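Below, in structure tokens: the form predicted alone, a single chain.
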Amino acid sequence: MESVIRILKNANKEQLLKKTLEKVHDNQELCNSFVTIMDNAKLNPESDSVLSNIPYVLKDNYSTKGILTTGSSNTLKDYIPPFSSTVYEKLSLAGAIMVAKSVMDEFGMGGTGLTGHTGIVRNPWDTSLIAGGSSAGSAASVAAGVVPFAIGSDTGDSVRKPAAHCGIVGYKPTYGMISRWGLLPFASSLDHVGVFARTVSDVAIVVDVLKGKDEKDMTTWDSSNINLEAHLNDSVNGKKLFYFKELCDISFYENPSDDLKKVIEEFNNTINVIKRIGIDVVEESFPKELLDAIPSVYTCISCAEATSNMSNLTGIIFGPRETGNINEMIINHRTLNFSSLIKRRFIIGSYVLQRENQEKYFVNALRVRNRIVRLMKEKFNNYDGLILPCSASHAPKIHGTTDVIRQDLATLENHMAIGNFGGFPSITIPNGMIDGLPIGVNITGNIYDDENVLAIASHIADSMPYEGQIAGDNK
């Protein structure tokens, strides 16, 4: 599908901004997607940049100088940073217009969009459903057609899962392709900048603007020789993808739900489409004990890193200050202002980092992560990417949703964390409908192979009728 961003380049920018802000307010009423709405947003001097005067939404864990940045947490509900993230600076230099900052799961620690301090985010396809998380508001705003692109962050699947639930494209590039300077850290070895859009071409356009080495972020690398948009039409004839047969054979599941059966059926239909465009798709086995370990390894590492990263949230330096002596102030600040989910994750992180527990839990989790990554890289010696369904169903109902996943579906619901374990480029694209609601398929490739991964995703998306839809188009 043609780039929405490039179509909007020819629009009347004053009318575009006015209409976008109207949509922002409409979406706020419908989905509660935003923490801050930039009603005072103004046009920039027109430039040659492809993003000049294109409106967008920024997840509220990116620092914006002089603009509220909360991480959707009460601990930062009044925090206005004195500096801006590299992502925000690059988009501003390109002339893009931030029209809102979006609601997220508190500090990115969740997959539902239900734990932000300003309330839950609803899915524009059906407001009784979750949008997915943690980048819930960003995903919902793109899915509703409010903006052509939005920025999220992805620590386990926080861009790619909500993209699936909202029927849009979600892409996180190779670790370090985009600077994380000014992104509130959750788990530093897993955190990635990510982009939502309605087309593969649009996420390519945005990442081409954002990528690059940054002296403020030592994990960034020189990607100047990479041009994602220019390679989207590269031939994919003869490319090879694989999938884990243990996750895509319905006979592996006990008492599979009707939704899971439909997900597997849609996935098999997609495989047939992919083969018709010249891409080979092969089933491969992966050690079951490693697949089953993914959720535990992710929880252990991410909670440990989060506990360390957020030890500065004491209420002394910034954030609402509580009463009492200094120890009481810190205890009251963290007790009163963190949600139960955050406190639970901090307890896990503190436990696995205790000296007597480090070897048994944290160090062993690092070993398993390393083993998974090594085996994946061996697979990538023979294949261009891994393709799998994003989840076991469409977006679930808000009522009754928790971050606890059925054990028999844990791997299928959490496999995208592999992309974070290895820093692999990974993209979700729409993959059909279940009962009129979108589902997605995910493609993950080897590090630094982003051009190849996006070209494959683009060809697949062009071969299916789902890319570019806005929530409600099918009603």
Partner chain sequence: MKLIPTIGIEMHCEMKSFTKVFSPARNTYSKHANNHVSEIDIALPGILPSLNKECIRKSILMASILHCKLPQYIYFDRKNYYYPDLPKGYQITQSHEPIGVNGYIDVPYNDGVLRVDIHDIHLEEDTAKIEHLDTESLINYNRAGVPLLELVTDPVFHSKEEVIAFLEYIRSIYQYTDISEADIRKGQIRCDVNISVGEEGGPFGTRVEIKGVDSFSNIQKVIDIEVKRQMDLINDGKSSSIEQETRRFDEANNRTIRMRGKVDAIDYKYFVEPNIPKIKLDEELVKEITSNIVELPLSRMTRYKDLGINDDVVKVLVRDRKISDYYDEVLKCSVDPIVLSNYVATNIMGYLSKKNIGIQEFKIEPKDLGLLLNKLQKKEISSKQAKEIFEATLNGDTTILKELDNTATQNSNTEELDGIVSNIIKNSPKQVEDYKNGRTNLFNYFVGQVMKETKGSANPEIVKDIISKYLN
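Positions refer to the first chain, counted from 1. In this text the structure is predicted, and so the values were computed from the model without any measurement.
Although it is not shown, the form predicted in complex with its partner chain is what the next lines describe.
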TODO: Consider residue 216 of the chain shown here, and say whether it contacts its partner chain in the model of the complex, taking contact as heavy atoms within 4.5 Å.
DONE: yes
TODO: Indicate whether residue 180 is a 4.5 Å heavy atom neighbour of its partner chain in the model of the complex.
DONE: yes
TODO: Using a 4.5 Å heavy atom cut-off, state whether residue 316 contacts its partner chain in the model of the complex.
DONE: yes
- [ ] Using the partner position in the model of the complex, report whether residue 268 sits within 4.5 Å of its partner chain, counting heavy atoms only.
- [x] no
Open item on the list: Since the partner isn't included here, can you check whether its partner chain sits close to all of 312, 358 and 362 in the model of the complex (heavy atom within 4.5 Å for each)?
Closed with: yes
TODO: Taking 4.5 Å between heavy atoms as the contact cutoff, choose which of 127, 188, 92, 296 touches its partner chain in the model of the complex.
DONE: 188
- [ ] Tell me, out of 335, 227, 354, 272, which residue has a non-hydrogen atom within 4.5 angstroms of its partner chain in the model of the complex.
- [x] 354
Open item on the list: Please pick out the stretch from 387-395, 208-216, 244-252, 154-162 that is in contact with its partner chain in the model of the complex, where contact means heavy atoms within 4.5 Å.
Closed with: 208-216
TODO: For the heavy atom contacts within 4.5 Å of its partner chain in the model of the complex, list the residues of 17-50 involved, in sequence order.
DONE: none
